[in-house]
Structures are given as C-alpha cells and as structure tokens.
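Below, in structure tokens: the form predicted alone, a single chain.
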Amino acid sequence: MKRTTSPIRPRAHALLIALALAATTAAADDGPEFHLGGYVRAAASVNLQDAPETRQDDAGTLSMLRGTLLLDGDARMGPFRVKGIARAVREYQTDYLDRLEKRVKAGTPGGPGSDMMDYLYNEAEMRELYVEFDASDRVQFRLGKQQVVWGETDFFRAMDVVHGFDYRWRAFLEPENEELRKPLILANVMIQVPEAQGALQFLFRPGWDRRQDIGNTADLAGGRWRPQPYRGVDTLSATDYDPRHPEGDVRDKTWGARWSGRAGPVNYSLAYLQTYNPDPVLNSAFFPYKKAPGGLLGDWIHPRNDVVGATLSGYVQPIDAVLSTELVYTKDAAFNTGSRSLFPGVLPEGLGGILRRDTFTTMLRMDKNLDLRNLIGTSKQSMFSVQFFNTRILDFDRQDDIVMNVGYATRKKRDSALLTALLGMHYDGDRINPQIAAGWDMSYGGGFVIPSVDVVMGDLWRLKVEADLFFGGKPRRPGDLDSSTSTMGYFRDNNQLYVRLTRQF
C-alpha cells in the first residue's frame, strides 16, 4: 500500500502559509493579539477479555499507552483572524500490540500493518490552519484547512457528513468528534440574512486534500480495533487504496450549500452536499468497477455521491424536552456484494463487486433534563438523551446480495436501525460527572454499554475513567465460515477499561 507522509499537499500548504502571512502583514499596524492553548494528555486502555486471535491470554494486558500534545493557537490581526491546531501523538508498543504486529508479519506481511505503530497510531500533523475575515456586516469568509459540522448525532452520523472520521485508534468510542473528524481544505462562506432569521453557507473544496483525508478510515491493518477475527491480519497487504478512481477522485472539486434558520420556536436547516461515500468499498479484482484495481484482491475507493438533508429541532413544553430530527437522502450510496466466498476458507466474502443504491437516513432524538437530586443525590439536573437512527435502502432487493462488510457473509437488510441512550449526571458541584451510554442494534442484534466518570481537578486537570462493554452479536472465530456476524459482533472479545488524564493550558 502506498502512503503519503506529507501532512498537507505542497500546493495547499503554500496557500495556507500565504494566507497566514497575509494576515500577519495586515496586522502589523493594528497590534496583533495572540493566544495559545491546548492540552497534554496521557491515555491507557486495558483488555478485559482474551483476544482469540493470539495464543497468549490477553485479558488484563495493556492494549494502549498513548501520549498526545495538542496546540491550539488563535491570532487576531487587523481584519483577519488566524486559527491553527496542531496535534502530535506517540504510542508505546505494548506487548499486546507487539503480538498483533508479529502475527501480521507472519501471516500477511508487506502491508502497513507490519509497521503498525506508525501507520495506525503515531502522528504529527497540522490539523487545522485557516484565515477568517468579514467581507461586510453580513458576509464572512473562512479559508483553509478546517472542520465544518452539519449534524449533531451521537456515535453514528446522519447529516454530519462533510468530513470523514478516523476510527483507527479507538473505533467510534472517543466522545469528542473534533478529535476524530478529518479536516478538509475548504472555502467556507457564511452570509447572514437577518430578514429571514437565517444564514446561508457555501462550501467549496478545491480538491487539494491528501488521499487519506477523504471518507472514513477504519483499522484494516490488524490493530487493536480491527474487527474480530482479523486482529493481527493486514487486509492492506492484499488490497490498496485508490484515491484516483474515476468514480471517486480525491482531486475532484466538490461543493455544498446549507440554509439554517429559525421559524418561531423551531430551528431548522436544509442542505445539499456533493461528497464521497463515507465508508470505503472494495473495487474487487474479480468484478472490477469502471477501473481495473491494482491490489491483489482489489482497491478501496470512496465513490462520489450526492446528499440532500434537513434538520429540525425545538423545545416541546408539554413533555419539557427538546425534540430533534435529521433526515438525509443519499443518491447512489455504494455497497459491496457477494455473501458467498468465491473460494471458501481462502478468499473473503464481499468480492462480488460494487452496487449503487439510494438510501434514506432518519434520526429522531429527545433531550430532556431529569431531576434526580432526591433519588440519587446529584447536585443538579441530569441530562437524558435517547436517539433512534435508521438507514433504509430505498430500492432494496434481497437478490442484490449486499453484504454488511467485506470479509463477512452477513447480508445487509432493507433497514439498519440503532437505538442509543445517554444519561449524564453531576455531583459535588460539577466536579464529579458520571455518565452511562448504551446502544442496541435493532436490526442485527447486540449492543454496548459504556459507563464512565469525568473528574474535574481544579481549572487545569481532567480525569476520565471508562469501561467499554459489548454484548450480543454473533462472534466469528479464526477459521469460522461466517454467516451472521454484524456490527456488534465485530467487537466481541474486545471489552476495554480506558483511563485518560488531561492537563489543559
């Protein structure tokens, strides 16, 4: 697999630096203001179960020991505001990761999983660098590498599809989306229209991003969050990423527009986005899709598609709660097909080619404050949130033989529904904040429970302790011929205890 090590393409890098210098020059006479913040963080996780892929008993062993430095700088110089966020991460290779890497080298060598630490976990990059300025009282420009948030769902995404997410180091469990979202180089224009109580936003992506900045990135290289039974198996030794496929070229120019406003007590938005399939699909070497792949089994691609969405939220007094919804129509979502292996026991399932189908995603959510002070002694009201999430394949035909994922035989259903809930509590004047989150896969079975507690220690220190517990979902052991393993089954035998200490500055 080819990899790009430069954090930003040279042409884009030059533009971003030029923008920053322009802002600096303009600021010289106006007395620049500068602020630097950020954090230093240490995090560790421990396996609570044995991973069947290795010969040793992995329960109780360190699966992660991670250090992070994040610098967040703001400068105001005349009419310009410059923002830069840089992050450096370094992980210690625990005995467990060393065992997984040795398994990769023995069974599937030649891919990036043979250098697991640098490919999956270590990084140093300028995550955001942009210049912001007001062209008038109504028009604001933001130019450069940045994040744009169009949705507010927990765990799973409906309208928050401007960016892909990097799930390699902790799957979907990290609560701060801004840490997982992959920033893009964008021209972002916001036009305020107070007469209509709203604002119009335009996005233009000139196609200067790195190949790995498009779509979601999951662990395909055999690390600790590779779905079972593939921990220690590097799929990228036999496949590659193709960022220049004719249906999904990272150099393509894409754009979007969003109107957000308020009508009486209701907040709403309408949006269109030309983007890429969030999850990659495999352009199979046996059934090529519009281009012959270079990988032995195929190439991972993110085909381009169109997204139209709407959001709605408002306070409903009779139930004393905020109700919200996100409705998203995706034209030409891409899926892999082929639930039967072409060579059982040798080739994975899902090599039957790529199929495009329209989908409709629905998110319904209720946020409500609960007074639990007399019941469990909290210091103030607790926040309860419940969310229903469903994606329907509109022109579904079972004969299409769409699979959940390459490497599994499970067929995708017409509807894929999830139910999640979250209860956040506060004790000791907000210094001790327990939380419990849970999710249930209503279509395929299984779920998760995540109890955690955040401890605030003065103005600068934060401690988080969390257990990530998965249940249900059919497992697939090494050597099994799979029939019904789905999303929650991927995480079987991977319960974790997670501890995180942060020093802010």
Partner chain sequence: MNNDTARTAARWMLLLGMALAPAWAAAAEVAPGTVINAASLDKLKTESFEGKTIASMLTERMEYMIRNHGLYIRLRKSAPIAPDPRLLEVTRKNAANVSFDAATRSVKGWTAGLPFPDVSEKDPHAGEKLIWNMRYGSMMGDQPVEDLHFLMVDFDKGLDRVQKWQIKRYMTVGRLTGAKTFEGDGSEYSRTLLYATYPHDIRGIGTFTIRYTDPAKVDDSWVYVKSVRRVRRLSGNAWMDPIGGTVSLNDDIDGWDSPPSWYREVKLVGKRWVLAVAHGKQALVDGKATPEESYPQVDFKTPPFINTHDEWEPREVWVIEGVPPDEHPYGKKVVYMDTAFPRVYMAEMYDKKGEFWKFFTWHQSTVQGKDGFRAIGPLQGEQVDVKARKATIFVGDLRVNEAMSADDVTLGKLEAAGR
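Computed from a predicted structure; not experimentally measured. Numbering follows the first chain given and starts at 1.
If you look for the form predicted together with the partner chain, you will not find it shown, but the lines that follow are about it.
Contact between residue 149 and the partner chain in the model of the complex is found at the 4.5 Å heavy atom cutoff. Taking the partner from elsewhere, residue 347 is found to have every heavy atom lying beyond 4.5 Å of the partner chain in the model of the complex. The partner chain is not drawn, but in the model of the complex it has a heavy atom within 4.5 Å of residue 258.
Of the heavy atoms in residue 367, some are within 4.5 Å of the partner chain in the model of the complex. Contact annotation: of the candidates 435, 93, 381, 274, the single residue with a non-hydrogen atom within 4.5 angstroms of the partner chain in the model of the complex is 381.
Site annotation in the model of the complex: the residue of 424, 206, 175, 78 reaching within 4.5 Å of the partner chain with a heavy atom is 175. Only one of 244-252, 192-200, 409-417, 331-339 places residue heavy atoms within 4.5 angstroms of the partner chain in the model of the complex, namely 192-200. Every residue of the trio 130, 153 and 459 has some heavy atom no more than 4.5 Å from the partner chain in the model of the complex.
The partner is not shown here, but in the model of the complex the stretch 415-432 reaches within 4.5 angstroms of the partner chain through a heavy atom at 428, 429, 430, 431.
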